[in-house]
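First comes one chain, alone, set out as structure tokens in the form predicted alone.
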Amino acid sequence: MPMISLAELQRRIDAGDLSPEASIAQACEAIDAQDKTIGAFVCRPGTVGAASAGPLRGIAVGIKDIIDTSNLPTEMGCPAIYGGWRPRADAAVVMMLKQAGATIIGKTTTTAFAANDPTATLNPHHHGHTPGGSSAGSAAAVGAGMIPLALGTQTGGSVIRPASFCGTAAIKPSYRLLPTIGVKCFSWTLDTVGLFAAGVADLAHGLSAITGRAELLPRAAMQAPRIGIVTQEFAGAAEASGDEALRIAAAAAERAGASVRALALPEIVAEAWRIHPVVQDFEAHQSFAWEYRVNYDAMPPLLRGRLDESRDITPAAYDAARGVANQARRALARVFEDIDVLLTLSALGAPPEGLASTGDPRFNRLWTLMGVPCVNVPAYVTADGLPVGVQIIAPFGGDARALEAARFVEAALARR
């Protein structure tokens, strides 16, 4: 089933060709038809209505199940500890969606506590392969054409990687552009709320409506960007399908008029990639102190093992890692003095076979630590029908630039 364009739904609703109620009903029908197979949703409300006002009226949105909702349980992928738990208040970003007129259609699956233990959600393009994690349900629901917009979160690579695996567009915005109040914390230095949608323009319309920032909306004319290609050698080698996606995207952008050149990152930026786990795991021990100490046996096994292995990280090591991250952010800002955006891998390659692993975040985690906006654009489909994306990265606060350059690359790929 084709994905649903949020921007097209908005156009039809504004023109009176489609009522908000009919738009929501279509999403409900699509979920009823597909989710018994895909398993993207944890729960849905008994009755669903549509708001009559706001830029997102008639837009059905899925909410990752680590994000609080007052009318639906928030079980965080761990019913053994949080089964049936219902917050009294919506997360701040959920209220922002509602104020923009969106309809919360249900809670989408997450790996337990947005960590390593996978969900049973299937990849909509190939059921034998992972949809990625931790925002598995949100990526799969959009990729399967059930809903036009979904929320996810990223601490390592949990928005960009599942978007690549499920063939959707996605944005991990600049750090704290979207609030994390009411989102289960993993690492307060890293956690970032992001969006999944069918295309880059859909992301722009969704993010603009949520934040009230008109500058995020697509411009009538796109400027050819100056692009720096980054292969992140310090993160190891990509798979052949990942390399092919990057090659195809770079060639398409250059043919469309972009300036494209290979770029080496400063060594301090590579060092930041290496210390990302120190920051993440040190903070995780504090974020999950109650679960780990009081509910140790009920903790999901992969996350529990990860916490077991990282118990000896010292405050001094954590402070040193944060110092490296701060230096790297300053160095990365200087990189953008000569280019507009970076183009790099969204994942190692195509989604891995089976559901035992959600994939490797090695090509995502640096950019999460840097706090910069990242946009996934589907770039390549393997002979087996598996999607592979690339990500466009702009400087901190340059979310409009990231979206505009990603739309340029997306259009160049479409003309290929």
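We number the residues from 1 along the sequence you see. For clarity, every value in this text was computed on a predicted model and none was experimentally measured.
Beyond what is shown, the protein has a form predicted in complex with another copy of the chain; the following relates to that form.
The stretch from 220-228, 243-251, 117-125, 284-292 that comes within 4.5 Å of another copy of the chain in the predicted bound form, counting heavy atoms only, is 284-292. With the partner omitted here, the residue from G305, G236, G212, G257 that has a non-hydrogen atom within 4.5 angstroms of another copy of the chain in the predicted bound form is G212. Interface residue among P277, G101, G145, P87 relative to another copy of the chain in the predicted bound form, by the heavy atom within 4.5 Å criterion: P87. Contact annotation for the candidate site: M95, C185 and Y318 all lie close to another copy of the chain in the predicted bound form (heavy atom within 4.5 Å). Among residues of the shown chain, I81 is one whose heavy atoms approach another copy of the chain to within 4.5 Å in the predicted bound form.
The closest non-hydrogen atom of R176 lies within 4.5 Å of another copy of the chain in the predicted bound form.
Taking the partner from elsewhere, A298 is found to have every heavy atom lying beyond 4.5 Å of another copy of the chain in the predicted bound form. In the predicted bound form, another copy of the chain sits within 4.5 Å of a heavy atom belonging to S70.
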